[in-house]
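First comes one chain, alone, set out as C-alpha cells in the form predicted on its own.
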Amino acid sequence: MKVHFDKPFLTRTIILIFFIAIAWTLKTVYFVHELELSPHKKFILISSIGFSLVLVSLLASKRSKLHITAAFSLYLVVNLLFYADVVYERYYDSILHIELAGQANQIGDVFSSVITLMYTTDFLYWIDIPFTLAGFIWYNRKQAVDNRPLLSAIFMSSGIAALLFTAFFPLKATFSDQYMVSLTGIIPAHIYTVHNSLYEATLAGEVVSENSAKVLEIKSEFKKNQTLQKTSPYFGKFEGKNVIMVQAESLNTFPVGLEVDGFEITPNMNELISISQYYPNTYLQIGRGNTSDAEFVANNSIYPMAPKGIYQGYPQNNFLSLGKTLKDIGYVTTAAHGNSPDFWNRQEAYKKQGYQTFYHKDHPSIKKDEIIGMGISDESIFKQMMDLHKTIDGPFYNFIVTLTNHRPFVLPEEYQYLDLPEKFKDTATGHYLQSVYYFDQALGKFIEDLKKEGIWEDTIFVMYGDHYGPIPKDEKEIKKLLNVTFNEKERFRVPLIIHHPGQTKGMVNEIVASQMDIYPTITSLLGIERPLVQFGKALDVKQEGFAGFAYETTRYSFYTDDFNYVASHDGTFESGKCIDNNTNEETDIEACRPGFNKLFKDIEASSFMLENNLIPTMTK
C-alpha cells in the first residue's frame, strides 16, 4: 500500500504529537511538584511522546468522526485516571492500584469525603482538554482522504515501545509510587504496578514447612514478645475483666486537651485521661484499608500488608486476633459499626476475627434511630451497645468502631454544640473541632452509663484514634487558627487511652507507640499466656518505643524515642535520613540501622504469614 509522506501532513502530525506530549509533560511535572519531588524530565517526556504517538495513531489512519471519538475518549479516560491518582494520593500517599478496582462500589459512601480532596487549583489538570479536542478536530479536517494504515501502525508500535521502555527500564519494585511517577509519569507507573500485581497473582503460595528456618525465626520473636509482656507490673492483674475497645473515627491527638477561648474541645477525654494510662505519642498503622486496617492492626498486631486492605485481601485467612483469643477462653465477643455490613467487607472478614456477633446498620437488633453522615450516630451506637452489655452474663469483649467524626466533618446544625469564635466559621478546622466535640460528648455519656450500670469497675476500657482527620492542605489553616504545627508526624499521631478497672489516678507514658501495641498491652493486662502472634509490644514494660510504617508514608520510615528515620523513595537504607530527636538534626545514618532492620524484617514476616495463611502454624 502506497503511503504519502507529504510535507503538510507530516508537519501537522509533528505539531499535534508535540502539543500533546508537552501538555502531558507539563501536567505530570505539576503533579510531581505537588508530591514534593523532583521530576525526571527526560523519561517523563519520552513517556509523554509515547502516549501522544498512541493517540495520533488513532487519527492518522483515516479521516473520520469515529477516529476522533476513539482518540479523545482514550485521552479523557487516561486523564480521569490521572486525576483519580491525584485525589487518591492526597489521602492515601499512593497512586491507585489494580487491586482497588473491586472497591469502586464504596465511592458512593465516601463521595462527600472525596469532594474535600479536590482543590480549586485542580482546573490545571484539565485545562488542556478543550485544546486537545480542538487539535484532534483540526488534524482530522486537514487530513487527506486516503488511508495511511502503515504510518498509523508505526506510530502505535513506537508509542507502545516508548511506554514499555519507560515502564520497565528505569523502574524497580523497591521504588515508592510517588518516585515512579516522578521518574516516568503515571502511565508507565501504572503499567509497571499492574504487571507486578498480575505476576504476583499467578505465583502459587509457598509450601511452607512448620519447622522451616523462617517459621522458627518468626516464632522465636513472638515468644520473646510474650516473655517481655510478663515483666509488666500489671501482667495478669485484671484477669477475667471485660474489655471495651472504642476505635474513634478520624481522631488526631492535637484536639485532645485543646482549649479555644477557654472552652475545652475534649472535656470527657480529658477527664478519662486523668484517671487512666495515656499514651500521647501513639501513631497510626493504616494501610490501603484505612479504618478497617487500623482495627485489624489494633486487634491483630500485624502489619496490614494487602494492596486493597486486609479485609478485602485476606478475609478467609485464619487469625489469632484479640476477639478470637478472648472467645477461646470464654468471653462473649461482639463488634459494632454503624454502617452497612459489607463496607470494607467486614461481614465476611469478621467471621475470622473471632466476633460472635457483628452489630451493624442492617442488623435486626439495631435501631436506625439517628443517622448522621455515613451511618448510625456515635451517641446511638454507644447507647445500643450499653443496652447489650447489661444482658451479657460473664466477661465480654465489645469492639466499637465510631463513625460520626468522619470527613468532611460537616455536622447538621443541631449537632454543632461548640460556640466557636467567628474566625472558625465555615473553615475545615472549625468543622473538625465541632465533630470531635460531638464524639467527646457521646463518649462521655457512654462512660457515665457504664458507671451507672456497675460495668465500669469491671472493665478494661480502651479508646484510640484510627487515623488522621485533617489532611496536608489544612496545615496552614490549623497553624493560623490553633498555632498547631500539623506536619506529617503530627498528622500520624493519634490518642491512646487505656483505663484499668478501679483506676483513679492517671499516668502519662511518653513512649513512642503505635496501634500495633494495643493488642499486646491488653493481653498483658489480662495475663494471657497461650502462644500469640504479635509484632507489637506491651506498653507498660521498660523498652524503647517504636512505630514503623508500611503505608501512608515512604515504606520503612519509623519513629523511636531517640530517632526518626525518613526512608528514601528509592527503597535503599543509605539514601534515607536519620534524625536525632534531641537536636532535631540529621545524624549518622547508622544510628537508624537497627530500627530499619527490625521494621524490614517485621514487614516481610507479616507479608509471608498473610500470603501463606501461616498464623495457626506460628502458635503450634
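Residue numbers run from 1 along the displayed sequence. A quick note: this is a predicted structure, and the numbers were derived from the prediction, not measured.
The form predicted in complex with (2R)-2,3-dihydroxypropyl phosphate (GP9) exists for this protein as well; it is not shown, and the discussion that follows is about that form.
With the partner omitted here, the stretch from 332-340, 149-157, 208-216, 519-527 that lies within 4.5 Å of (2R)-2,3-dihydroxypropyl phosphate (GP9) by heavy atoms in the model of the complex is 332-340. Although the partner is absent here, Glu379 sits far enough away that none of its heavy atoms falls within 4.5 Å of (2R)-2,3-dihydroxypropyl phosphate (GP9) in the model of the complex. Shown alone here, Glu249 lies within 4.5 Å of (2R)-2,3-dihydroxypropyl phosphate (GP9) in the model of the complex, counting heavy atoms only. Heavy atoms of Arg346 reach within 4.5 Å of (2R)-2,3-dihydroxypropyl phosphate (GP9) in the model of the complex, making it an interface residue. (2R)-2,3-dihydroxypropyl phosphate (GP9) in the model of the complex is not approached by Gln277, whose heavy atoms all lie more than 4.5 angstroms from it. Put simply, of His406, His431, His499, His360 only one has a heavy atom within 4.5 Å of (2R)-2,3-dihydroxypropyl phosphate (GP9) in the model of the complex, and it is His406. Screening Thr459, Gln312, Asn268, Thr291 for any heavy atom within 4.5 Å of (2R)-2,3-dihydroxypropyl phosphate (GP9) in the model of the complex leaves a single hit, Thr291.
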